[in-house]
Structures are given as structure tokens and as C-alpha cells.
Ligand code: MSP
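Here we start with a single chain on its own, the form predicted alone, put down as C-alpha cells.
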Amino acid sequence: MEKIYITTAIPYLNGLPHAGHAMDYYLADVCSRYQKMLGNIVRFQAGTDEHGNKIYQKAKELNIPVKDYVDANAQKFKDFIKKLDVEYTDFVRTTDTEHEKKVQEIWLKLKDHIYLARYAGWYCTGCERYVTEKEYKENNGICPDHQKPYEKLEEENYYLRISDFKEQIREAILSKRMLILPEFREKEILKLLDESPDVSISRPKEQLTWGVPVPDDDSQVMYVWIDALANYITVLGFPEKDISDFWPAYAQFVGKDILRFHAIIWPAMLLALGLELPRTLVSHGMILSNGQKMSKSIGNVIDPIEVLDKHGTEAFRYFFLRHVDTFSDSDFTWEKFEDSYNNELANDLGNLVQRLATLCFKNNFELKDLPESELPKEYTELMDKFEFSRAFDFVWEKVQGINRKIDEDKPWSLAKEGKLTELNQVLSSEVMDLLEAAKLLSPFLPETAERIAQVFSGKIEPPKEPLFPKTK
């Protein structure tokens, strides 16, 4: 039995939950449920990033106190996570008094690697980061993510000396001591590491009012990275507590757009603090809509709440965990979603449960003993490599195989011919196969797996309502 720590990137609270957030939560949730199925103890972090100018300005626009604004939005994310049926153990807000206190203590521990310098160059408010002259020229002076021109800034800030740790980070990546998934992202990070400058970790108070004060310097406020990234360890109790029971993290789930910060700045912070690096950084792709990046200006943003309200949590989990690739960009359209719901969830699985339970009920079949089965090697190998969408495909092939088996075995014919011994053997085999598939499904579709187990335990009766009623 191991102690496992799993983390998700904390969303910035200047907007509502979107489909990308769902992917962070879902991948971490699958990982957590799988580890618990293996008998491990899991701590699973979630949280919210609540400081910075964008949040302060948004609250000002809405004419409400900034604390009220972040309180309301933090609750929206908690409600969203609950609606997704994601089971976290720890929730951290960067405005928590304890977090702010711990972050100031962490700053003091990092002090040997922090220096004050004047910066003159380009800055993106949307990304909340400075960009190099090279990046500015490559992007023709416009941020590709926010489609807004970079601003020219000149100010005095504190910097974290990334250069102190580049060789150690490179060695950790190349030796797989800190595994980056998917592996093709490793080369990208190594290239970025070579070019990575020291990073600004504060802003003058006149430029950034809503944040954690820098210890021993009233003129500066901590800037996003030290404050936000530290949440992964402050929630465990660092620096006051020994966190070695759960640190290093087993897996940290992030979107590909913020991988560079988690693979360069975060390891530099950890090394400076004398902590081990996370075992694995799992980077997922973006969810596109009709092949394009979701954008309010294009009008192709998919509201996850709308999807959840229309089809329910399990259907949402099914599409986003099977049809959205764990590592690559994937496309969402309502047509694809409806097709997967009706032809796969409703037909392959819902119909299978209904027809098999009906056959058992009509023939008074009851499963007496269910032997403990080991998890298939192919499944565990995929799950251990975080290949969740492929592991889901593996399980679905089993579901489809049971449907084919019923068609081939024709239990209704055996009943008609009075071959009761053979009928019982066939039904027993098919029910056990379905229960095994349900067990493998449990990290992905926990509610469905539980319902299947209930239907086929004791006296078997078909559900009054299909598990997934077809939509028109």
C-alpha cells in the first residue's frame, strides 16, 4: 500500500469553469480512483488561483469588493467539481490566510536565489508573464493566446534565478526522475529550458495591489508563480510540516499551455527549497470546437454545464474520457457527443445491461459465487502509463465483445431447447464478464459501474429505466 499525491492546476478566477478545467479534474479523478482500486491511500488536491490584476480589475468593473468576487467564483468551481463527480480530498485557495502565511515563509526560504533588478521589455497581461525579445518578434508583437499586443513595461521586480537550477532540471528530465508526458513534450521543455531567463516573481505595489505582500519589502507584491505554484505543497502543510508522506507528487495534471511553468519554474522552486521533484507531469491537450480553439469572439465556446445538464455526469465523463485523447488536442461537437451517447453508451452498454438482466430474470438465473479476478495486464500497463483514453478503449472492446458473445451463444435458444445446464454456464460466463468490465470501468464511470454491480447481485432484475435512454 502506497501513499499517493495527485494534483490539478488551479484555475485563475477571472472567468467561469470551462471544458479545459474539466479535463484536469477528470484525468486526476481517474488516476485517483484507479490508485484507490489498487488499495493505495490517495490525497487529491484542487483549488483556485485568486490574486492578480485581472481579478482586481474584473471585480472593479462589476463594482463589487474583490473578496466577494473571488468567494463567489471559488464556490462556482467547487460546485462544478461536484457536478463532475470528482472526488478531491484537499481544496486550497490562494487567498486562504494559511496559504498566504506559508507562501511568505517559502519566499524567505528561497531568498538565496532571489535578486532585485530593473526590467524593461514586453509583457502580456493575459498570460501574466514577460516575454523575451525573440518571442515578441516571432509573434509579431501580439500574444497568440489572447490576440492582444504585448505591453512595454519598465519596472523594478524581484527575480528567481532559474539559471541556478537549469542543469539539475535537465538531468531530472533526461533521467526520467521527473517524467514529462506525453514524451514528445520533453524535447519542447528542454529547448525552452535552454532559453529560459530568470523569472520575475513580484510587481511593484502601485502596479499590483491584490496579492501577497513580499516579506521585508512593503513596496512589492508577490507575482503569480511563487504564490500559485506553491499551493501544491502549502496544502500539505509545508513549510511547517514534514510532507514526505505524500511528497513528491505521484502525478501533477496540467494543460499543455502551462506545462513550461510546471516543468521549469516549479522544479527550480522545489530544488531551491530542498524538496524532491514530482514523479510525473501529465500534460493534456486542448479541447477544440469544430476544429478550432474555443473563443468567445468566434462564438464556439462549449459550456460544460449545458452538456452536464442535458445528458448527465456519466455521459459527460464518457465523452471527455474516451473521445478526448489524454495527451492530444481533441474536437468536441454536439453531433459527435450525441453520436457517442446514442451509439455507444446507450446501445453498446445500456442495451447490454438491459438485455442480459432480462435474460437472467426470465430464466431465474442468479450468480452464486463471483471469484476475485485480477486486473488485466494490458489495462494496468495503460493506466500506469496514464494512457487513460486507450485504457477506456480497452474496456469498451470488452463491452462490445460481451454483446457479440450473447449473439453467438444465443441463450434464448438454449432456454427454448431446455438445455438448462448449458444456459446457466453461458449466463454465468456473460454476467461475470460484464461485472469484470464494470470493475475496469469504475475509474471512468463510477456511478454506472456501481449500478451494474447492483443489477447483477442477488436476484437479478432488469432496470425499470435503461441506464442510458436514447435521445432523439
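Numbers follow the displayed sequence, beginning with 1. Since the model is a prediction, treat every value here as computed from it, not as a measurement.
Separately, the form predicted together with the named molecule exists; it is not shown, and the next lines address it.
Do Trp225 and the named molecule share at least one heavy atom pair within 4.5 Å in the model of the complex?
It does: once the named molecule is placed as it appears in the model of the complex, Trp225 has a heavy atom within 4.5 Å of it.
Taking the shortest heavy atom distance, is Ile452 within 4.5 Å of the named molecule in the model of the complex?
Result no; Ile452 lies far from the named molecule in the model of the complex.
Looking in the model of the complex, any heavy atom of Lys293 within 4.5 Å of the named molecule?
Lys293: contacts the named molecule in the model of the complex.
So in the model of the complex, does Pro215 come within 4.5 Å of the named molecule, heavy atom to heavy atom?
Although the named molecule is absent here, Pro215 would stay clear of it in the model of the complex, with no heavy atoms inside 4.5 Å.
Go through Gly312, Gly255, Pro248, Pro376 and name the one with a heavy atom inside 4.5 Å of the named molecule in the model of the complex.
None of the others qualify; the residue that does is Gly255.
Let me know the one among Leu229, Ile173, Val199, Val307 whose heavy atoms come within 4.5 Å of the named molecule in the model of the complex, would you?
Looking at Leu229, Ile173, Val199, Val307 one by one, just Leu229 meets the 4.5 Å heavy-atom criterion.
Among 231 to 239, 207 to 215, 333 to 341, 380 to 388, mark the stretch whose residues have heavy atoms within 4.5 Å of the named molecule in the model of the complex.
Going through the listed ranges, the match is 231 to 239.
Heavy atom within 4.5 Å of the named molecule in the model of the complex: which residues of 1 to 37 qualify?
Contacts from 1 to 37: Ala9, Ile10, Pro11, Tyr12, His18, Gly20, His21, Met23, Asp24.
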